[in-house]
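Before any questions on how it binds or moves, here is one chain, the form predicted alone, in structure tokens.
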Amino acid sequence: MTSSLATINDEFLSPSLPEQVAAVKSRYAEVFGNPPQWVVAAPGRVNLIGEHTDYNAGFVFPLAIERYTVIAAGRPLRTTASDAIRVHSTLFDETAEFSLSNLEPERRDWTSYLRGAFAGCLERGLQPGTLDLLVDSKVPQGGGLSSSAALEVATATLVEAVTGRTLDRVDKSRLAQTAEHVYAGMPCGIMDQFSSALGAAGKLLLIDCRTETAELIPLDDPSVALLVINSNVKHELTGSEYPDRRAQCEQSAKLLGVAMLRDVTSKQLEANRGQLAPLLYRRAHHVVGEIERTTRAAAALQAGDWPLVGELMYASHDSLRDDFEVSCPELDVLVEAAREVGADGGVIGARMTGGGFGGCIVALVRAGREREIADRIAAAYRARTGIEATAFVTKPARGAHIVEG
């Protein structure tokens, strides 16, 4: 007898941010012996379409999700150095310490994202002083939903709260991106941090990663809902896959005589195909096509042309699987199961989301049928892989903000 997502996933509906905040404040008092003075929240994100285009100066089309990283903070009761940071993670049930005068960028652990964000704040003249922090996150780890960006942006937002200074939100995104590059060793584009910092309730962000500007586009059709399904698989990789893809894109652009693949149209790519080795052509073919698909999808969404949005989502997944080679069998099974449910069953379109090699798919579905659709896809996935998928629905959520303090 198969179980439904209603039983295997008790967070199918979005958790309440006020309830999460209340739990974090209570846990902070337990760990540190006094109530927090500041509480901030920053969301994860899901990308509707536009994958691996951000570091090619292209377009992406994400939304902040109703899954938040929350940080509570206060001044320590104990006597300590003036630049000591003590942080407790509810995820790891572990407490770590570091010094603002020695943030150790070469050290790699779960505090890397916090240390990198603190470093960026210090460079901008924000001096938070000694703090106790408690970090709690409802953003699924390893699911390609930007749990790391949420932590970086939340940390920078906390420093804003503590110091009473406000960072420009785009600069805060850059600060968090630099933290990821230098402290976590991941050469990501700007999308994840941008989405967390600039997200808006009810709206997607069409981000131009060249100009670092975003157009807010409403998702206001009550007949359409967003469904995120986690494969609960993250393949162990060598660690070079993402940097390799980025280097291949840069090499392709150089051979085509442009600064970035954003500068190439599909017609130009085909006309100059002979300049690229087959592997580099496939990488460029994905990026150039994905940038075009993203702007078309944004226009189609605004026009309510849902069949076209769905067609572009499926085409994006096929390209990520075949040309960019960042999908995996489990993600392919989930997307294929969504295709089999089809428009008659309430699925508009689906694709892998995030960096790849595991994590989640995102599907646009007909509102009111979300759980039925999730159960059908999960049953097919279980039958073909033996793995239980988990799913949740989300609306576009508010970006990073100070909750208290």
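Keep in mind the model is a prediction, meaning the values are calculated, not measured. Sequential numbering from 1, following the sequence displayed.
Just so it is clear, the following notes concern the form predicted in complex with a small molecule, a form of the same protein that is not shown.
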Residue 195: touches the small molecule in the predicted bound form, heavy atom cutoff 4.5 angstroms = no
Determine whether any heavy atom of residue 232 comes within 4.5 Å of a heavy atom of the small molecule in the predicted bound form, and answer yes or no.
-> no
Is there a non-hydrogen atom of residue 294 within 4.5 angstroms of a non-hydrogen atom of the small molecule in the predicted bound form?
-> no
Verify the contact flag for residue 80: yes if a non-hydrogen atom of it lies within 4.5 Å of a non-hydrogen atom of the small molecule in the predicted bound form, no if not.
-> no
Every residue of 28, 36 and 95 near the small molecule in the predicted bound form, heavy atom within 4.5 Å = no
Among 117-125, 140-148, 324-332, 154-162, which stretch has residues with heavy atoms no more than 4.5 Å from the small molecule in the predicted bound form?
-> 140-148
In the predicted bound form, which of the listed residues (227, 135, 312, 284) lies with a heavy atom within 4.5 Å of the small molecule?
-> 135
Candidate from 279, 258, 201, 91 lying within 4.5 Å of the small molecule in the predicted bound form - any heavy atom | 91
